[in-house]
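As a starting point, one isolated chain is supplied in structure tokens, in the form predicted alone.
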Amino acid sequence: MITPTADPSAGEPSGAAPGPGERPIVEPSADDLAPGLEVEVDVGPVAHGGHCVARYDGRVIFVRLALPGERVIVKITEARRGSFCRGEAVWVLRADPRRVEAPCGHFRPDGCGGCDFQHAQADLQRELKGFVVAEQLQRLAGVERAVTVEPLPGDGFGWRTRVRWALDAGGRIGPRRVRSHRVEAVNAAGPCLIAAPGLTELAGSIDIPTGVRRAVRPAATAQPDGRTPRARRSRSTAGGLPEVTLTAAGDGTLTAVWAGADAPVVTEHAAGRDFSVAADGFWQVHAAAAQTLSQAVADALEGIELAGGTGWDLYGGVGLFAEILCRAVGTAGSVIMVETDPAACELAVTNLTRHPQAAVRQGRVDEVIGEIDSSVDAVVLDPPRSGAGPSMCAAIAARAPAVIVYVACDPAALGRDTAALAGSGYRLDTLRAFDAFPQTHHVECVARFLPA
């Protein structure tokens, strides 16, 4: 276990000190770092991805389970010759004052990869995420801006209403271990603490179809150099393991959907109304996120005269932000929602029936907007983690909307697309960041861009 101490000069850290053989007697050179070796480092700033940057004799090590300013013993888990290493803090010699004991037994070296910051107080977690968003904006877009991450309701646990876990050859269900396809099994004695109430219990009680059991292959194992063999990842078997989506819906239902099976429709609530959503489909996973983000989008549209105008909701899912656009343009306006997933489009049609000014288009977003022969006044986009990309940003800007509202789940993608929009004549006006994924490095942002 990782055991913090305030100051190594004050005596031995609490807990058992590293014993003989646990660390190399002779410190290796930077070029000789290899998986299994342990070295002592000072931890530098947090980086995008849930780790911090340290240097050992000049060589970069991305360190998990550490905090900026700490001094730790890090165990090397991956080493790329001539490049950076990865590692995990296994002993803390000098701790950040806001380090805490992680409450989850799955949060440990070589443990579950679902959380990144359980060892930090909630306010420190938000500071780290704000630093990352600001750093990515500055580095990728040249935008200097302090970023404050706003908390969502709750204590940071029990918020994840959707999880996609794997089944291994031993019949165990749970998330994968960090940078691995090995399953970290959850059960009543060792629940997932960020999963919504009932999901751990559901994982332990669901029937596993015979065909799913037959699909299980041994999980990929690490090579001597710490790397995992490249595996074809699909929705049904990632790393050879079938996956199941467990959902605690807003209507109170608990469902389990094996990948490839038909998913029931559940009801979620946000923006003052109900939405039909596939149990394994996209919906914000934090119980309060859909409401928070829809309100943030509505706020970003304030001050722009949109009544009777046109709006686009790109990567629209089941129509949450299209709902907000419909209210902004009114019945005299028009809204086009574009989504790739056919099932989500069918549900969006149902969800937007009350708005005759709304139309749903299914297909690739870049192809569909190229077919739309009209101008647009407001664009809301919620792209995947990879972002919209330069071509899409340029295509949107070419229509000269009065406002672009960008919902981003990845700071690096936001930074790249901010730069692309700036190159097409749009400036970042307002930015809000939300802690929609407590205990993890993920953060959700809502950015407003106006013509420069």
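Everything numeric here is computed off the predicted structure, so don't read it as measured data. Residue indices: 1-based, along the sequence shown.
There is another form of the same protein, the form predicted together with a small molecule; it is not shown, and what comes next is about it.
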- Query: In terms of non-hydrogen atoms within 4.5 angstroms, which of the given stretches 100 to 108, 150 to 158, 364 to 372, 70 to 78 touches the small molecule in the predicted bound form?
  - Reply: 364 to 372
- Query: Pick from E88, D382, D116, E184: which residue has any heavy atom within 4.5 angstroms of the small molecule in the predicted bound form?
  - Reply: D382
- Query: Which residue, T200, Q284, Q291, S334, has a heavy atom that falls within 4.5 Å of the small molecule in the predicted bound form?
  - Reply: Q284
- Query: Quick one: does S276 come within 4.5 Å of the small molecule in the predicted bound form, counting heavy atoms only?
  - Reply: no
- Task: Using the partner position in the predicted bound form, report whether T255 sits within 4.5 Å of the small molecule, counting heavy atoms only.
- Result: no
- Message: Even though the partner isn't displayed, in the predicted bound form is D96 close enough to the small molecule, meaning a heavy atom within 4.5 Å?
- Response: no
- Query: Going by a heavy atom distance of 4.5 Å, is E346 a contact of the small molecule in the predicted bound form?
  - Reply: no
